[in-house]
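Only one chain is given next, in structure tokens, and it is the form predicted alone.
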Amino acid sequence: MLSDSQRATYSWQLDIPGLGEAGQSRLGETTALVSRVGGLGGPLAMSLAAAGIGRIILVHGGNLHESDLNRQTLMSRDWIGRPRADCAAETIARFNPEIEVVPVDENFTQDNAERLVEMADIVFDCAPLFEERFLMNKECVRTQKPLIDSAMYSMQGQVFVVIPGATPCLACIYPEIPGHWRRQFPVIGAVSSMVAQIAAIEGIKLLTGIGKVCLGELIMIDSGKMDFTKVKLAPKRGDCGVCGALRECS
């Protein structure tokens, strides 16, 4: 049951058809992991906090740099030189003190992927490196946990939902790391935030059952033209080294 404070905080979204107190309670019982909390993950994590996700794990290693400030909206200039995960957690905790926020000053590696994914019910992948994205995808498939994958470059972005056993996984779409990918790329903060909100909405729909989740489709955003396209993906590959052995969900 929701408390009086929760009913007041979420009163506007409780009226969304199909959400109600039952859906809000499901959000409150959910642990979501967001990696990382930069230009994409920061606004995504804030939207999850605003929606009432009960526990949010923020995975992001390293200290804040001045060059991060054009897009990493959970940060502040006086935090330069200190861990970004802690700054993000502090910002969210001030915004919604009723939820639990757990900062993790690490990035995904072979050594910690199993431990980190085990902590969550749903994973939001906002990492810029394919190595990290592949680790999250592999571990979510292994544990059969939903993954919301999002990425952006310059004025473009994409979001897609992985439900192990029901949809293709990231490795089905990208069997190998694209040769042109690099760590630093053009970013406008507003574009990152736009892509982040689409990922947050897909996750909230998945958790509450409201609306229609775009399963088996790649959501593509071109903010330069303000075009939004959904691309139908091929079924999951039987020869995929990550999800190929999983049976189809009924």
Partner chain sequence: MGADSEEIELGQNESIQSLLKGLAERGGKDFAEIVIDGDGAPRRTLLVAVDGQQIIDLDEPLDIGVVEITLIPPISGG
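Residue numbers count along the first chain shown, from 1. As the structure is a prediction and not an experimental result, all values here were calculated from the model.
Note that the form predicted in complex with its partner chain isn't included here; everything after this is about it.
**Q** Would you mind picking out the stretch of 74-82, 136-144, 107-115, 121-129 that comes within 4.5 angstroms of its partner chain in the model of the complex, counting non-hydrogen atoms?
**A** Partner-contacting stretch among the options: 121-129.
**Q** Verify the contact flag for G157: yes if a non-hydrogen atom of it lies within 4.5 Å of a non-hydrogen atom of its partner chain in the model of the complex, no if not.
**A** Residue-level check for G157: yes, a contact with its partner chain.
**Q** Give a yes or no for L233: in the model of the complex, does one of its heavy atoms lie within 4.5 Å of a heavy atom belonging to its partner chain?
**A** Yes, L233 sits close enough to its partner chain in the model of the complex that at least one of its heavy atoms falls within 4.5 Å.
**Q** K225: heavy atom within 4.5 Å of its partner chain in the model of the complex?
**A** Yes, K225 sits close enough to its partner chain in the model of the complex that at least one of its heavy atoms falls within 4.5 Å.
**Q** Is L40 one of the residues lying within 4.5 Å of its partner chain in the model of the complex, judged by heavy atom distances?
**A** Answer yes; at least one heavy atom of L40 falls within 4.5 Å of its partner chain in the model of the complex.
**Q** Please tell me which of L69, I210, L218, I198 lies within 4.5 Å of its partner chain in the model of the complex, judged by heavy atoms.
**A** The residue in contact is L218.
**Q** Exactly one residue in A151, I99, V102, A166 has a non-hydrogen atom within 4.5 Å of its partner chain in the model of the complex; which is it?
**A** Partner contact (heavy atom, 4.5 Å) among the options: A151.
**Q** At 4.5 Å, heavy atom to heavy atom, what parts of 2-19 sit next to its partner chain in the model of the complex? List them in sequence order, or say none.
**A** Contacts from 2-19: none.
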